[in-house]
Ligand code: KG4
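As a starting point, one isolated chain is supplied in structure tokens, in the form predicted on its own.
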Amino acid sequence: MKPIHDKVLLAIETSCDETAAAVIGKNEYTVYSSAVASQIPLHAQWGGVVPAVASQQHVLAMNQVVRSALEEAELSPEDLEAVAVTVGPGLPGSLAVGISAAKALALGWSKPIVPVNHLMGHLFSAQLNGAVIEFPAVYLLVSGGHCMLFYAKEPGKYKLLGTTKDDSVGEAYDKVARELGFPYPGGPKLDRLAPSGKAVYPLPRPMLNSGYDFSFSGLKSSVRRVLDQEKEIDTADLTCSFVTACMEVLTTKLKRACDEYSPENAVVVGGVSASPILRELLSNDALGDTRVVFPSLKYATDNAAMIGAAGWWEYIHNGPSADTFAMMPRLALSTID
């Protein structure tokens, strides 16, 4: 779809194992193209992402992904306003490939470059294609690497309420899936199996009744103990028990934040936001008068479109960057009091 009367930028995302590029418009963060080269089949043979392999595959896929994004949007480099790229957090080798590519393209095309925080990209994923978020808002960011709650008075300004003390919920999902014998990526398989079981195993709800921080390592260990101690295991029931515990923690913390801050919207983003169980639990009036907003399923997991939306916000509010920035694998999200 060719942009008409809209400025556009090219965004590149390589924080983990997805090589992605997208063309995003300034008006309503319209997605004119989104190309993703997934490495899941390759990493499945090792049961998880192998960093060295991921970075190598990014090198091999980058040119084609960028070309596909431009062709789908029916654009040439001359039509771009800027180039945005994920600078962190993420795997060092993967980030380095995306940043190097973005810098080379920006230099060769004489375009400004915009470094983008991957976490901010997720927070903007629910605003793609003109989707409206009403502020103030509470954000729940749940993915394979993060589990965080934020309060935002306005776009781009976030106050961290709580984060995980150990494993993220997505990481716990993947580890439990391996314990149950599911091939990588096992997390989505748990969501598909859980509805066929019953939550009969008494698993803990870590930190359920206190504050906004999370902890899922103990819950994962409890599943391991059940597997070690029980002679006969109903996999569907154990899966349902684990998923129910995770969901109770997530929804309870989110509701607590909504009760305290009275936001207009509760926005749930990140790879785990694609969970049909989480979406069902937070449907209708689950949070009272607070409207719950999810990104489209195709933009819930890592993608470059969300980096483009956050890139536009950064470009408009903070301007372009010098091309001397480096990758920041442990980059946090700037917050406000």
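Note that this is a predicted model, so its numbers are computed, not measured. Just count from 1 along the sequence shown to find any residue number.
The form predicted in complex with this ligand exists for this protein as well; it is not shown, and the discussion that follows is about that form.
Judged by heavy atoms within 4.5 Å of this ligand in the model of the complex, the contact stretch among the candidates 48-56, 27-35, 64-72, 296-304 is 296-304. Among heavy atoms of Tyr173, some come within 4.5 Å of this ligand in the model of the complex. For Pro276, a non-hydrogen atom is located within 4.5 Å of this ligand in the model of the complex, even though that partner is not displayed. This ligand in the model of the complex comes within 4.5 Å of a heavy atom belonging to Gly145.
Among heavy atoms of Gly187, some come within 4.5 Å of this ligand in the model of the complex. When you look in the model of the complex, the only residue of Asp191, Asp237, Glu179, Asp213 with a non-hydrogen atom within 4.5 Å of this ligand is Asp191. Applying a 4.5 Å heavy atom cutoff to this ligand in the model of the complex picks out His118, His122 from 91-127, in order along the sequence.
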